[in-house]
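Only one chain is given next, in structure tokens, and it is the form predicted alone.
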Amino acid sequence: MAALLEINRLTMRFSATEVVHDLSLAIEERTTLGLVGESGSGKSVTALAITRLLDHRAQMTGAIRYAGQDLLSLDSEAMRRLRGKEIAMVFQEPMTALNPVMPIGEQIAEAVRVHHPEQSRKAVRDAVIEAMHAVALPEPARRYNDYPHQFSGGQRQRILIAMAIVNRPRLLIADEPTTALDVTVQRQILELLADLKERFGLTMLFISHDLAVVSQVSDRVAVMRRGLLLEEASRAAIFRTPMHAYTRALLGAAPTMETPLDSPLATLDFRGDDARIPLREMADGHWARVAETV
């Protein structure tokens, strides 16, 4: 299966600070890549680089190819035509991503009008209501003119997802979409994303610090730390046979149903230095920065 998104040796700097180093990733069409790591590992800034939402201070080398086009070489107008139509993003915190003084129906409608200015007001409204139905928002026609504060946290996240899928993109980037939600609502959002992926044939980049969440949605998993890709493999390989010490540390820090209730949770105490170790294919499709043994 062909890759819809390819990142090739991407390095990003802000002034003298390097935030992503020599990153290479690929996402095959209609699959989900889970990108996981602790805060500051470079996950979200990678998503912003893909969507070209970083400001002029970001210095980037390498290539980001979407359907064969190098996104880093596109001018701002060409990128604007792709963003929101072909490539869409669901942001982490809906209360900051949504405009508090604009009805949610009109906020979703803006995404349609930007890319389809020729559509009538009725056609736009119909598309918005259809998107609200797709994400299981209750009574979308009646609630079209309601404001963000009138919805629960889970419903606000559904509004952001509706805004992202209203133009039927091919690539959906979900940046920590369940972080601020309780576990019951979190599961509902994960099930919704899985349903939308199958229904609309989406390719997804799912970003999270939570391996348990990533395990539910991803076909492949990539682990980052301090701007470095440390390991990438199928979901089964990452969770059954992790090869990098940091991946094992992440897994060890997550409680399971077998974790004794009277034992303290493990802490993440990994001090490895991987910058000089190349990423190597340790098994079929399983890449890791592991030093060769003699």
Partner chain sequence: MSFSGWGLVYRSQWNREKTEGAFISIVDSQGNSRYETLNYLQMHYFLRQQLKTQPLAALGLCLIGTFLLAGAFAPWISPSNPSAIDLPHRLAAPSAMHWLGADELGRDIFSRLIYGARLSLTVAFSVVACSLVLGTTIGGIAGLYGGVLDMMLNVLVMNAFLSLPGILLAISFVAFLGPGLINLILALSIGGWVGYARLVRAQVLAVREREFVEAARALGASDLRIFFRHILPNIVQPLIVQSAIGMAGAVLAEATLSFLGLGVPPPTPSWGAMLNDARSHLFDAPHLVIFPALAVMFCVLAFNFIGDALRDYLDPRTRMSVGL
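Numbering follows the first chain given and starts at 1. Computed from a prediction, not measured in an experiment: that's the story for all the values here.
The protein also exists as the form predicted in complex with its partner chain; that form is not presented, and the subsequent description refers to it.
**Asked** Does each of 80, 97 and 145 have at least one heavy atom within 4.5 Å of its partner chain in the predicted complex?
**Response** Yes, the whole trio is in contact, each within 4.5 Å by some heavy atom.
- Query: So in the predicted complex, does any heavy atom of residue 195 sit within 4.5 Å of its partner chain?
  - Reply: Flag for residue 195 set to no.
**Report entry** residue 84, heavy atom within 4.5 angstroms of its partner chain in the predicted complex
**Finding:** Close contact exists here: in the predicted complex, residue 84 approaches its partner chain to within 4.5 Å, heavy atoms only.
Wondering, does residue 57 line up within 4.5 Å of its partner chain in the predicted complex on heavy atoms? Residue 57: contacts its partner chain in the predicted complex.
Q: Check whether residue 150 has any heavy atom within 4.5 Å of a heavy atom of its partner chain in the predicted complex, and answer yes or no.
A: Heavy-atom contact with its partner chain at 4.5 Å: present for residue 150.
| Ok, 123, 212, 102, 72: which has a heavy atom sitting within 4.5 Å of its partner chain in the predicted complex? | Only one option qualifies, and that one is 102.
Identify, from the list 111, 129, 181, 204, the residue with a heavy atom within 4.5 Å of its partner chain in the predicted complex.
Only one option qualifies, and that one is 111.
Quick check for you: of 132-140, 102-110, 184-192, 217-225, which stretch puts a non-hydrogen atom within 4.5 Å of its partner chain in the predicted complex? In the other structure, the partner sits against 102-110.
* Residues of 28-53 having any heavy atom within 4.5 Å of its partner chain in the predicted complex, listed in sequence order -> 48, 53 sit within 4.5 Å of the partner.
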